[in-house]
Structure formats: C-alpha cells, structure tokens
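Given as structure tokens, the chain that follows is alone and in the form predicted alone.
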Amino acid sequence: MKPIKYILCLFTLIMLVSCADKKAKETAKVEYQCPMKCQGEKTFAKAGSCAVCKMDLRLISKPSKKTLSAGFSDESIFNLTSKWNTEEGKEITLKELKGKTLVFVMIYTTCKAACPRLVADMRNIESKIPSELKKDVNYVLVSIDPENDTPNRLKQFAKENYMDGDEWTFLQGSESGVREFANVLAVKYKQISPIDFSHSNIISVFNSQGELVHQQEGLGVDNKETIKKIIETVDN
C-alpha cells in the first residue's frame, strides 16, 4: 500500500504546483479605446485605428503578472534599480516608496509655463483627498533637469510652493535614470535651450505595489477621475 500512498502524494504535489504556476501567469484583460471616444466607452481587444476619426486606439489597460512571492509584479516601477536623491539629500531607490498610493509628475523648477500649472494641479488633487486617507498617499515630483535641480534647489522649491510636508517628495536622478523613468510614464521631454525643456504634462497614479493604475494628461483638466482613482487605490 505504501507505493500507492507515495503516488497519491506525488500527484497532489504536482497539482498544487500546476495551480500555483497558472495563478502566477494570470494576466489582466488588455483593452484599447479611441482617444476621442467616438464610439463612447466601447473598447477593443487589439490595437488599431478608430473607424470614425481614424486615430490610433489608446491602450487603457495593461496585462499585469502577479507573483506568488513577496516580490513585485513585472509591471511595478519598484523593479527599477536607479538611485535618486530626495530634497532632503537622502539617496533612495523607488521601492523605498512602497506601501502608499503614489502620485507622480515630472517637472523642472525653472519652468515658467507648464510646470507651475502642473504643480497647482498636484496641490489641488492633494487638497481634495479625504483627511483620513491623506497619510496613505505620497505625491512625488521628479525633475527632468537633474543637472540644475539639486536636492538643495528642490528643497527650496518645495518651500516656495508650500509642498514641504511629509506627503511631498522631490527626486533628482541621473540622466539615464530620469530618461528610463520618463519612458515608463510615457512622458516625452526634450531640452530646447540651456534652461528650457519641452515636455508632456502627465500626472500618474500608482498603487502601493508600484503598478500604474491611472494617468491624467493636460493642464488644468478636470481631476475628478484622478481623485476617484486615488481614493479607490487607497481603499483597496
């Protein structure tokens, strides 16, 4: 009878490993949508063009492979190994920000056009988060001008803009680290003079595991959906 018991145990073990492997490979549904919403909220399973306006469909959800260990999913920004300096002069990696909902924006402190409006948008978003949830959200401003935006300059900028509390974090990285992170956020930027950059205006929301859950594009736009997503992410 012992061989039968061994076979049954082995069979059970194989089934458990198989189920675990299947769970680890589960992915979220990928969906595309017309950026102009010509067909309302209709989504598509494959990339392509809108039949109405002919614009390229926009990816609105990405597959996210969950791990069964204490590690992060393939989609987590916490997998990035680049090092950053905070406005307090502390060197960190992004995974040290884990545990809170993260709201990111990329700016530079000498900007006189778009960045002040992005900063105002971030402050506006922060002001509308319920008081009981504020401690669970971290607002992170990443400089696209690491040569000039030193930790001291970022600290000064934080004070000037009333963003010097614990809920605000400013980051200076290396040129390569900033470029890598911008690519993750789909933020485009280009230096057009020694003190000026052209750049995308995107505010991104990540969950506590560093996975992108929402993006807001534009200046002074209605941030209702962004605030809703932040609250949902904290509650989850």
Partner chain sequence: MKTILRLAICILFINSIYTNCQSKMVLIKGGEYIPLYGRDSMKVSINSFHMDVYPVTNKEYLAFVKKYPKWQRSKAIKLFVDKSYLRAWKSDTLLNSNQKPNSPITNVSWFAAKNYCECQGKRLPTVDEWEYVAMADQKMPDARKLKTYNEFILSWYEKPKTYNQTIGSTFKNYWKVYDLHGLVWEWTSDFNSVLISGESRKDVDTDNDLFCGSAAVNATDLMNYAAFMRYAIRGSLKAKYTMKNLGFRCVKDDK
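Numbering follows the first chain given and starts at 1. All figures in this text were calculated on a predicted structure; none of them were measured in a lab.
Although it is not shown, the form predicted in complex with the partner chain is what the next lines describe.
A.B. asks: In the model of the complex, do 77, 191 and 197 all reach within 4.5 Å of the partner chain through at least one heavy atom apiece?
C.D. replies: Spot residues vs the partner chain: full contact, yes.
A.B. asks: May I ask you to choose, among 171, 203, 34, 187, the residue with a heavy atom within 4.5 Å of the partner chain in the model of the complex?
C.D. replies: Among 171, 203, 34, 187, a heavy atom within 4.5 Å of the partner chain in the model of the complex occurs only for 187.
A.B. asks: Is there a non-hydrogen atom of residue 217 within 4.5 angstroms of a non-hydrogen atom of the partner chain in the model of the complex?
C.D. replies: It does: once the partner chain is placed as it appears in the model of the complex, residue 217 has a heavy atom within 4.5 Å of it.
A.B. asks: Within 4.5 Å, heavy atoms only: does residue 167 come near the partner chain in the model of the complex?
C.D. replies: Output for residue 167 is no: heavy atoms all beyond 4.5 Å of the partner chain.
A.B. asks: Taking any heavy atom pair closer than or equal to 4.5 Å as contact, tell me whether residue 129 reaches the partner chain in the model of the complex.
C.D. replies: Heavy-atom contact with the partner chain at 4.5 Å: absent for residue 129.
A.B. asks: Mark residue 58 yes when one of its heavy atoms lies within 4.5 Å of a heavy atom of the partner chain in the model of the complex, and no otherwise.
C.D. replies: Looking in the model of the complex, residue contacts with the partner chain do not include residue 58, since no heavy atom lies within 4.5 Å.
A.B. asks: Could you tell me which of 112 to 120, 83 to 91, 153 to 161, 131 to 139 sits within 4.5 Å of the partner chain in the model of the complex, going by non-hydrogen atoms?
C.D. replies: Checking each option against the 4.5 Å cut-off leaves 112 to 120.
A.B. asks: Check each residue of 171 to 186 against the partner chain in the model of the complex and list those with a heavy atom within 4.5 Å, in sequence order.
C.D. replies: Contacting residues: 179, 180, 182, 183, 184, 186.
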